[in-house]
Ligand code: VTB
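Next comes just one chain, in structure tokens: the form predicted on its own.
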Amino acid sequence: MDRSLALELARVTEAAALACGRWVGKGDKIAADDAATTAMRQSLGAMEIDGTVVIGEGEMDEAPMLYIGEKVGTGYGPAVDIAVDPLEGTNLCAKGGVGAIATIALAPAGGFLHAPDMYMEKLIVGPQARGCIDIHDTPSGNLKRIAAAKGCDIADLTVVLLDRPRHDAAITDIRKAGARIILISDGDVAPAIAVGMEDSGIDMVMGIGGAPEGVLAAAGIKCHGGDMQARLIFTTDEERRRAPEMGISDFNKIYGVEDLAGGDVFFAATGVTAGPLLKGVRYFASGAETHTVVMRSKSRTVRFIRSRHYFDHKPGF
């Protein structure tokens, strides 16, 4: 695929971040998400692709924009799968919290797992610890191998988990092993991408979160050469019934990066609020500034783009 798609994706996430950035701290996560989704959809419509949303805002009857199965782009160009989360961390945006992002990933048609809207257990590390993780093992067992691969003590490692009661046992085991923990309220895609950046201060992301977010995370992880293992968590009979409709037949399968995001993958994210990966949107008298990461798996290139947007030359969102 054309490498210029990377910059086009950056424009898409910038538009979404600029739109929802106006809602930071205003307590209205629905309005913030609507603003991001509308802007992202408009930007995607101008891309020279024949795109299909496979990870989106919900089913067609649940989401008026960027629903699963929606066609995006001009219809001319490569046939691609699109995974989107116009505002990952809606609560973070509404409360002015840390780490809300606008994010998108692109792969050749059939490249992304068509993940149902359900839970997924994830274990994610950066390139230095590639090949060291085992989702069947305890957190402390994984930490021992990661520390050995990085040539450090377990006490030097930092693990990120969603702050949920379902992770209490894992948290106890991690603390007993001696590693540090960062508990986050929402938004596990940003730390999953940050784990691949040596200066992020994050060594492992683990725990149960959303399956669609797991696919987005895998796209970014593939681009920077990290590693991931995941498995779907079925909590209802309805989830088990619907899974085969999305091509999932083995309910116990352990998914690797290639299973979740195959082929030549592009990933982009723009910060809405500041976090360990990206700076948030900053507004000034004549425009705004955004901070974006753009990655491609084929070249394993990671670019950070600091952009100034002058609203007398474009919409002010």
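So that there is no doubt, residue numbering starts at 1 and follows the sequence shown. Predicted model only: the values in this text are computed from it and were never measured.
Here the subject shifts to the form predicted in complex with the named molecule, a form of this protein not shown in this document.
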Discussion item. Let me test this: is every residue among Gly220, Tyr255 and Arg300 within 4.5 Å of the named molecule in the model of the complex, going by heavy atom positions?
Written reply: no
Worksheet item: Heavy atoms within 4.5 Å of the named molecule in the model of the complex: does Arg166 have any?
Response: yes
Fill in: Touches the named molecule in the model of the complex: Gly187 (any heavy atom, 4.5 Å)
yes
Discussion item. Against the named molecule in the model of the complex, would Glu213 count as a contact residue? Criterion: heavy atoms within 4.5 Å.
Written reply: yes
Worksheet entry | 4.5 angstroms heavy atom contact with the named molecule in the model of the complex for Phe234 | no
Item to complete: Identify, from the list Leu162, Ile171, Ala177, Ala109, the residue with a heavy atom within 4.5 Å of the named molecule in the model of the complex.
Response: Leu162
Discussion item. If the cut-off is 4.5 angstroms on heavy atoms, which of these, Gly226, Pro116, Gly209, Gly73, is the one near the named molecule in the model of the complex?
Written reply: Gly209
Worksheet item: in the model of the complex, which of the stretches 100-108, 226-234, 119-127, 141-149 has residues with heavy atoms within 4.5 Å of the named molecule?
Response: 119-127
Item to complete: Note that the named molecule is not shown here; using its position in the model of the complex, name the residues of 82-101 with a heavy atom within 4.5 Å of it, in sequence order.
Response: Glu88, Gly89
